[in-house]
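As a starting point, one isolated chain is supplied in structure tokens, in the form predicted alone.
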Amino acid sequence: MVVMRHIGSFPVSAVGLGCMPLSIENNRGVAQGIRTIHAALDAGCRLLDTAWSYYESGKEPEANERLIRQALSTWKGPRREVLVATKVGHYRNFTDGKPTWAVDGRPETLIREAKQSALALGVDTIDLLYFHRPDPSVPYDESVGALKELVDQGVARMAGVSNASVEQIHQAQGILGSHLVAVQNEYSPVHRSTQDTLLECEKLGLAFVCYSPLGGYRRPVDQSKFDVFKKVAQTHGVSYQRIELAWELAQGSHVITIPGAHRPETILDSLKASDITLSADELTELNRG
């Protein structure tokens, strides 16, 4: 059974689907992407996470948002139960011939991209809109102010910030008030430096959404950090990735995790993480890292 948690007042599955891998470099194509999204939804996933910037460098922006629109339009289940979160303020380019990421947090850019995102998703109002990443060249309050304008205009129903520090979370809440409902930061066994923001979100009553919860996408990591998770996984007879996600969910009832997937089989395994109950001793061992 899929465990449900909340973003604002909206119930979502504790494990959502991070849709980025379905549209950036080395994706498996639109048909496979739709199969993966449908499999997740059929299994009870009720949170799809995307962004304006989830497209292949050099190709048309918003590819992932359009993929989600197509997947939802052909899904036979209850669309009203699914929260779709998107993000603005990032874009793709090339650096030394390699696909990279860049930021643009100017208010006019965020407003333009958000309205484009709504069109790409085929909605009048975006369920949850994040400011994707701080832009060092733009004052943070100006970028977050654009989110408030978008909520006030009805372009977005709820707002969030991503890649935010504790100070920035407080700054955003001061501007957005009750419209700020979520913080999406990287958090995993190999990236625990955002623990302070996870704890602060609990104090503030905000959802903390873990991205790259399994250690990051196509990025070298210290594999030894997973050893303790593999040990616990053997005890439970499940994949160690499922234990990683269960550990993240055990950090608090405000925590939601959004693993990515290329294949239905991968997200179906991830969704079972909320079924796992870790013992106090296991949590102590996993928390120690």
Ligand SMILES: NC(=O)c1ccc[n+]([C@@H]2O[C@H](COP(=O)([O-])OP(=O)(O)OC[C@H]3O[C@@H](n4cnc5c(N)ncnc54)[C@H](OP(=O)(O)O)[C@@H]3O)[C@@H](O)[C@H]2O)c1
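From 1 onward, residues are counted along the sequence shown. Small disclaimer: the values here were computed from a predicted structure and weren't measured.
Below: the form predicted together with the ligand, not depicted.
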Heavy atom to heavy atom, is Phe208 within 4.5 Å of the ligand in the predicted complex?
-> no
Is there any non-hydrogen atom of Thr194 lying within 4.5 Å of the ligand in the predicted complex?
-> no
Considering only heavy atoms, tell me if Cys19 and the ligand come within 4.5 Å of each other in the predicted complex.
-> yes
In the predicted complex, Pro107 touching the ligand (heavy atom, 4.5 Å) = no
For the chain shown here without its partner, which stretch in 257-265, 39-47, 55-63, 230-238 has non-hydrogen atoms within 4.5 angstroms of the ligand in the predicted complex?
-> 257-265
Stretch 135-163 - residues with a heavy atom within 4.5 Å of the ligand in the predicted complex | Ser162, Asn163
